[in-house]
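Just one chain is shown here, as structure tokens, and it is the form predicted on its own.
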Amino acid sequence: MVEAFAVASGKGGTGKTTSTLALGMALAEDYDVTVIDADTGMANLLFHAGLDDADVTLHDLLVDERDAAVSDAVYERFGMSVVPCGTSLAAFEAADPGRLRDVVAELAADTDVLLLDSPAALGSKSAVLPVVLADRIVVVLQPTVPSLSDGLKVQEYAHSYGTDTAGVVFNRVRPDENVDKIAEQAGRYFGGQTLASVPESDAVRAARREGKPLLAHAPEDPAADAFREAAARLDVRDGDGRDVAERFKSAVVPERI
């Protein structure tokens, strides 16, 4: 079985990468999980997963004449298979985002759940491709009307390419914020359910400084509990790995942004 989720937001600062790794660790209790940093322009998942010294990254798999095998960029961390992306501007410029299709297709053949940490904005082919490749999106929002609006733009784009919405995670929620009111609005406009409301937590920043996902750094933190709740509500669908791999390989690279 395999299902691919793009974790998306529409803006920076929502905690998308934190959410991707937290969901990945929680889902890894029951599934084989592969996490891919598909934000080839502004990658930072490697810092959250203690892989800032990784020798081979996604960038090395997206060049015309690559020397590395896909398996060379896969690192076993925290119960997951993690594919980090580099931070070099030169490597980003040399990368062909269309090659992400073949990389994801190969990884799909040997996992249960693929989580694509997607770019925040939809300004380029490299930014929109993860959303197009995924079966469904998980939208990470803050409980504000502007964040809701940004997330809706991502959903609209995803739906135009046949990618459904699995649900919404409200992240970095402060005690003084009325998340119930925003969640009610989200329920009217977003597909899927509200997966969780994750409280703002100092443990998230401490986890990044330590180079660990939140659930590894502070497994008893209320934010960690909320991410586990989100993962438990995420209904992972059964799909044939070979069929999914073929779909990825034949996916159309968007010409319009």
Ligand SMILES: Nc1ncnc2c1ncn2[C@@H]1O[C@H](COP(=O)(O)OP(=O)(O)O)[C@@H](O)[C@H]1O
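These figures come from a predicted structure and were not determined experimentally. Heads up: residue numbers just count along the shown sequence, starting at 1.
As for the form predicted in complex with the ligand, it is not shown, yet the points below apply to it.
Annotated contact segment (heavy atom within 4.5 Å of the ligand in the predicted bound form): 203-211, selected among 203-211, 65-73, 187-195, 24-32. Using a 4.5 angstroms limit between non-hydrogen atoms, Pro199 touches the ligand in the predicted bound form. Contact annotation: His59 falls outside 4.5 Å of the ligand in the predicted bound form, judged by heavy atom distances. Remark: Arg172 counts among the residues lining the ligand in the predicted bound form, judged by a heavy atom distance of 4.5 Å or less. In sequence order, Gly12, Gly13, Thr14, Gly15, Lys16, Thr17, Thr18 are the residues of 12-34 having a heavy atom within 4.5 Å of the ligand in the predicted bound form; the partner itself is omitted from this view.
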